[in-house]
Ligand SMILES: Cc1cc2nc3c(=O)[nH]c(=O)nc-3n(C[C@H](O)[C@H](O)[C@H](O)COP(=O)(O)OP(=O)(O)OC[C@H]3O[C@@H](n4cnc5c(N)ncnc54)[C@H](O)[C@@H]3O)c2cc1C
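For reference, the chain that follows is the form predicted on its own, supplied as structure tokens.
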Amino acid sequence: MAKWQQRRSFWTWGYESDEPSDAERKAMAKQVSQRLGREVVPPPVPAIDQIELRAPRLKVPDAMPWVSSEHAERVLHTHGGHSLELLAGLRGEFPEPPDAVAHPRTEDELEATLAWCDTHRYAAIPYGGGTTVVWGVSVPESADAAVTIDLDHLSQVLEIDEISRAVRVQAGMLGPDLEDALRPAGLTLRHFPQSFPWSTVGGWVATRSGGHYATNHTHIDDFVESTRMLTPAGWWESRRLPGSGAGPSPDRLVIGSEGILGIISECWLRVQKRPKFRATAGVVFSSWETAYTATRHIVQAKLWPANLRLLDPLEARQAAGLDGAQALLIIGFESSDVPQDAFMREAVGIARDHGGAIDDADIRIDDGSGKATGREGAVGAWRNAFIGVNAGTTNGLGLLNDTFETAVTWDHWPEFDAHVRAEVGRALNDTLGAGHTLSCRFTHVYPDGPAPYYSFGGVVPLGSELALWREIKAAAVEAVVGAGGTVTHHHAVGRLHAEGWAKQRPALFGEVLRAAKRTLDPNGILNPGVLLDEGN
């Protein structure tokens, strides 16, 4: 099964078929013009064959037909999925394309590709779905030549263990293809990052992706049973086990390694029966403070709702249609075997005890007969706004919108939130001026702390997007790391967060990771500049 069944877009998320039409882009430009009081026009989309690229700096061996320096391949593998990368793509800016793109069809071809790169000291960039928003697949400026290694042909389910409920899958498999393969057995991985339609299993493992489960089973870590990874020093494969107390886990070094230690070729993942029973509720709070207090009490009760998303008043207005003064807590439960009515009633009772308001009629219960849940009212509005990713209608119109996410313990949370809003708000005032927005939602919550996800936006002069964004992003990283949070909760480190992660991690851990890289990748060819500086 080939991963990309049609050509991906180079200027928005997904396929070319996901791109907005000219009419849709013009309609959005008209709305933005009315908002700004001046006319804005969407920039033209360049034809892919008219995009200028530097000449390849290497020659592909005739014996490697799965490697190509073809123009479109290089264009499509230059940028990741960050909004400013997509804007650069729309503007035809491709300063650092890979010199060649490999599509190995077997592990033997993967070995040959990596050996070729290692022999000639070409930077080797592992590539899954290219949805990284932290510059994780970019070619570094320092590289003399670079080869992107796309695993789209290593995209098969190799084995399903229905007794242990696990699946052995190749790294290049897309999320929807995996679910389609599991469905006949009545199984599901149930891991749905927002990039799910276009991202791969190997990418999830390499970047420690977070799915839609807001409590329990949140990161891909919770699903990985074993991993197989090719390094320049040889193969790394862990034993498949349900758990082990035998020393440090070899899988833990692979999960989150972001392609700097090796190329993940396959893994075993824990799966589950498909859910049958569901329950959904949207609870409204008069203040952000009462809402997050209620959220803490629910998650600490260990009821393990599948969804426990909290939207501050601005998020609730923008994404769920509330009045801008109320926060919204979205609660969801699901199970393959157990009715969820009682669990939902307990969670709603806790929310009400802390100031939440919801009518009993608005609690939606599916008793296993397929009743709709989570599709109506404020919860339904949020769901519709959340699914998928901006399809590019605002790209190039002078609007700057981005996000950053983190996690922090509950005891530090109120002061942390105030500090982040103050520091980032100050940077927004300095860069975007009046009319900017800054909002927060919880994407995940744990018994010991939330994972807040901040969104910001405003108007910028055309051409200044990157410079102003850098100022805002620097302030955000300084604020979250300086106040004791993590530099990223589920968006990975990449090149974007490498400096902030260096401040967060123990210094000795950094040295241990460098030593591991020197052992596995002695020539330093794998994804240089990701996680660690290029000096290794």
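Numbering starts at 1 and follows the sequence shown. Quick caveat, the model's predicted, so the values are computed rather than measured.
Heads up, the form predicted together with the named molecule isn't pictured, but that's what we're talking about next.
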Under a 4.5 angstroms heavy atom criterion, identify the one residue in Ala281, Ala316, Ala206, Ala100 near the named molecule in the predicted complex.
Ala206
May I ask you to choose, among Thr406, Thr373, Ser199, Asn395, the residue with a heavy atom within 4.5 Å of the named molecule in the predicted complex?
Ser199
Would His490 sit within 4.5 Å of the named molecule in the predicted complex, counting heavy atoms only?
yes
Decide whether Gln272 counts as a contact residue for the named molecule in the predicted complex under a heavy atom distance cut-off of 4.5 Å.
no
Considering non-hydrogen atoms and a 4.5 Å limit, does the named molecule approach Pro305 in the predicted complex?
no
Evaluate Gln194 for contact with the named molecule in the predicted complex, applying a 4.5 angstroms cut-off between non-hydrogen atoms, and reply yes or no.
yes
One stretch from 111-119, 126-134, 413-421, 329-337 that, in the predicted complex, holds residues within 4.5 Å of the named molecule by heavy atom
126-134
Sequence-ordered list of residues in 254-290 near the named molecule in the predicted complex, where near means a heavy atom within 4.5 Å:
Glu258, Gly259, Gly262, Ile263, Ile264
